[in-house]
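The data below hold one chain only, encoded as structure tokens and taken in the form predicted alone.
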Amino acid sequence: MTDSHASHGRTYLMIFVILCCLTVVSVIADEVKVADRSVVLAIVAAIAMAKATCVVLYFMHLKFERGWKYLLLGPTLLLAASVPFALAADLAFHYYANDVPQQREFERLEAASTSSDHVAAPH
């Protein structure tokens, strides 16, 4: 094995260890729940983006590519940015009903169990 191949092996191993450590931090942040849910979500999302960046740059070899990768990335980013705008009308006008029969049944059973604490709810 030449020196260049050995150095790549060390780099890949280092990136793998970093990815494993970031995964552990992400799981700990999700399980410990020391902060508000939105803060934990932001931390986990930031860690996921860092992991994706490591994978794209090193394992997909984009770190070593020339500038044409940005030309290919442009249409992809444009499409990804347009998807939320395309779906905004459905979300804004509540096109889909939020009526969930299981939720109504759960609320009915919950109300029945709180009104008579000594009687068990039917299964």
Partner chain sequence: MTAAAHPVRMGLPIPNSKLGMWLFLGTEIMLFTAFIGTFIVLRLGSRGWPTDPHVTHINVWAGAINTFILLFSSYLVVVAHDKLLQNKPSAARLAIIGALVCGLAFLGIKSVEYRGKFDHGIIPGRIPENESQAMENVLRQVDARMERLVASLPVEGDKRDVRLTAVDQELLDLKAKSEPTPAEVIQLKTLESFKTTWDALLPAYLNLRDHARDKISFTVPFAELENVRASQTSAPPLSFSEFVDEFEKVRQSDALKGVLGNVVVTQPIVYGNLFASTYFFVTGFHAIHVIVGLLLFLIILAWGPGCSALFVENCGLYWHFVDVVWIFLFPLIYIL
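Just so we're on the same page, rigid core means the largest C-alpha set that superposes within 1.5 Å between forms. Positions refer to the first chain, counted from 1. Just so it is clear, the model here is predicted, and its values are computed rather than measured.
From this point on, the text means the form predicted in complex with its partner chain, which you will not see here.
Although the partner is absent here, T23 lies within 4.5 Å of its partner chain in the predicted bound form, judged by heavy atoms.
Contact annotation: Q102 falls within 4.5 Å of its partner chain in the predicted bound form, judged by heavy atom distances. Proximity of M49 to its partner chain in the predicted bound form: non-hydrogen atoms within 4.5 Å are present. Its partner chain is not drawn, but in the predicted bound form it has no heavy atom within 4.5 Å of Y70.
For the stretch 49-85, the set of residues having any non-hydrogen atom within 4.5 angstroms of its partner chain in the predicted bound form comprises M49, K51, A52, V55, V56, F59, M60, H61, L62, E65, R66, W68, L71, L72, L73, T76, L77, L79, A80, A81, V83, P84, in sequence order. For L72, the Cα coordinates differ by under 2 angstroms between this form and the one not shown after the core has been superposed.
With the core held fixed, the Cα of L109 is displaced between this form and the one not shown by 2 Å or more.
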